[in-house]
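One chain is shown next in structure tokens, namely the form predicted on its own.
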Amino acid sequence: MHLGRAITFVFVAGFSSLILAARNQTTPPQKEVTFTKDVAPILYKNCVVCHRPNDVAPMSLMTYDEVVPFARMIQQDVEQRKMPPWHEDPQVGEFTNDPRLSDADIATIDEWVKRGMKKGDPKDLPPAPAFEPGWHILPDVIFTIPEFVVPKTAMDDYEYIYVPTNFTEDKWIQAGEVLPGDRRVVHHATVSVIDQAEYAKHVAEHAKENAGVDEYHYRTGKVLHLRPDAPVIDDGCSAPDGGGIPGHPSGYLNIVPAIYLPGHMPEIRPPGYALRIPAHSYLQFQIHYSNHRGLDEKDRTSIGLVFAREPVQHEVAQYEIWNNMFRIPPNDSNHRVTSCFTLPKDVIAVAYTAHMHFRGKSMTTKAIFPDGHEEVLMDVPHYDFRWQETYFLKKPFVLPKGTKLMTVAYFDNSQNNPLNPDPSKALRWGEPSDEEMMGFWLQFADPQVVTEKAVEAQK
């Protein structure tokens, strides 16, 4: 036989044998993906905290019948990582409340939808999570404001309502959540701890209406605005006060058990970290009402608190760091504003929050340490006023005294911003949503260990 033909024959015969062998092999059966066994556990772990009856999400995803009509939308949103919402750059920091799905979870949902959304064996369905009605925590104590009538004229109104704790001893709070009485009119709410000795001063200050506050501010009703002719300081880091009101630092201390913002989940501190509410103190509810319903509505907003269950090692507080003096020009699509604040003492970083209004575009905060090296703490590249998170660190760490916290924010005051109420308007700082804010909040703990005596007061 000719050598070339022999080689060709051997090759063809060998190739044919491979084809026959492949045909004779049994293809392993593909795993069946079902709702009860594969998809429900993912939704129960990551989604139903919001997607349940009478909660913040627009639909419940607790049952198969509830999920199927939205299955293809869910498939698309998780593949694009629109859901679950998370706005922190995934390359910056690790956070305990990060709800993002793993690649494997996304692939499971995708496969389930592509294969016809089978329900599966009801015996495979895990127990549904149990929730306290209306809450995402199980409060030990609940404080509720007296019924407040939100008039139909209250399009952008701030009210300060004080509720006594009646605590006869100091209490340590590990978790807190603000529950709006009527989400249709409560835009956001901040609850702060007011010491008994400061109570009367706070009440008198926030009872003022339509009054000039100082040379930089004025009020319409109880709502605070920056005067249009106030000095403009966009680059707060170039100013002595870091972007604060001239003569006042950009950062101030506040004790905040919890806040309510669109999309905001409970404030849950790590074990051993807790916030102290002194005996006989008050809770100040600062509530932003936005009533566009054309009717007077009634509200009874509440805060639920969870007491620390184990020895408290570190006391938690918050620095709120602002640029109050910026001016965003009309039709500016990328306006830069900075703030700077130098830590006056050693602190343990616990959590970060970015706060802007409708024109907010992005925010980044970095720490410039006393030895000169820098580290990005928080990076929110696509800020969304409709869904505002607090980012709780998996591993709290020390920021030493003298560390400068530099925040850079960008605003889109152009027609390209679909949320922009009026791109032709120049913007200053103001409490109403159609004005602007630029704030970075650092939730921190004191490195000094809480004394045994203080811990005993919790028991």
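Position 1 is the first residue in the sequence shown; the rest follow in order. Computed from a predicted model, the values in this text were never measured in an experiment.
Omitted here: the form predicted together with a small molecule. The next part is about that form.
Partner proximity in the predicted complex, defined as non-hydrogen atoms within 4.5 angstroms of the small molecule, places exactly one of 395-403, 421-429, 408-416, 47-55 at the interface: 47-55. The small molecule is not shown here, and in the predicted complex it never comes within 4.5 Å of any heavy atom of V33.
The small molecule in the predicted complex comes within 4.5 Å of a heavy atom belonging to D77. Interface residue remark: I161 is not counted as part of the site for the small molecule in the predicted complex, having no heavy atom within 4.5 Å. The closest heavy atom approach of P84 to the small molecule in the predicted complex falls within 4.5 Å. Taking the partner from elsewhere, every residue among L43, L101 and W387 has a non-hydrogen atom within 4.5 angstroms of the small molecule in the predicted complex. Contact with the small molecule in the predicted complex, defined as a heavy atom within 4.5 Å, holds for exactly one of V376, M155, M73, A279, namely M73. Comment: the small molecule is not present in this chain, but in the predicted complex one of V193, I348, M265, L125 has a heavy atom within 4.5 Å of it, namely M265.
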